[in-house]
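We begin with a single chain expressed as structure tokens, specifically the form predicted alone.
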């Protein structure tokens, strides 16, 4: 399908001969005028996909309480703040703040503790939606992680890392080749080229695909250094795997899978997160997980919260709550394919909610 972004991509491919896959993803998702996320209309029933915070308020509430528990354990609540990566419409953070507000009083007094909210967002439309969702609490927006506030932070990354642009390498008879985007007959197509960036997996069977997200190590390293210096924690939730093997790049438009080259700028592109790469990049930290999202949420009290919400609800609302619990926690839905991982200071001790055996 011809889109406003197509001629821009086609022109670059024509001039250079091909376009690396991570470059294609970066343009398709983040082009300043025509990128998929720039419109701010991708989330919810009217968009192309529904994230966990949009399914139920319980998701954000439980993450908020998990965050508060970490700040209490580290005794840094009075000087701490939140930093969310890829915050969507701000739904998760709004639910989290609402859940923890009754507990963030100054030593039990009447004065609430002010916890700054920072968000990393590139879409002007989504920035407006986030500010509206959190009003009257101010939101401090960032384009990157280069100027983090000097304070303990709870970093939250729910379905953020899956949107990072990836490169793909295919093992063939004569070694590794890189998958790139080219032009054929006036249309976008996939082909392969020789590469000097061969993956280290020498024993990978022929035909296998090896994926890397070039931006991931630096992002995790910056988060880890900040936590190590100031305290706090990072909670990462995403659909993922434990290694870089496999072709997981996918596109979704109007809640349905489509070809990754169809409608650039109009379809969501994502890839399964390699949690082993996150663990490697945060090697000096205390790392917990991965744990299935379903087990994580249930151990935080998902069922108990659902019972509270259902107690005085009408039958229709009770059915909606039950359906949300099933969608978030069932192995047949999001419960198993979505994984959770926590990054804590290297000297953090004790059990951590959600990651108990």
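Numbering follows the first chain given and starts at 1. Because the structure is a prediction, the values reported are computed rather than measured.
Another form, the form predicted in complex with a small molecule, is not on view; read the next lines as being about it.
Taking non-hydrogen atoms only, residue 168 never approaches the small molecule to within 4.5 angstroms in the predicted complex.
Among heavy atoms of residue 224, none comes within 4.5 Å of the small molecule in the predicted complex. Under a 4.5 angstroms non-hydrogen atom cutoff, the small molecule in the predicted complex lacks residue 211 among its neighbouring residues. Using a 4.5 angstroms limit between non-hydrogen atoms, residue 129 is distant from the small molecule in the predicted complex. With the partner omitted from this view, the residue of 277, 249, 122, 76 that lies near the small molecule in the predicted complex is 122 [heavy atom within 4.5 Å].
Residue 163 is the only one of 100, 216, 163, 287 with a heavy atom lying within 4.5 Å of the small molecule in the predicted complex. Partner contact region in the predicted complex: 154-162, out of 68-76, 154-162, 189-197, 250-258, criterion any non-hydrogen atom within 4.5 Å of the small molecule.
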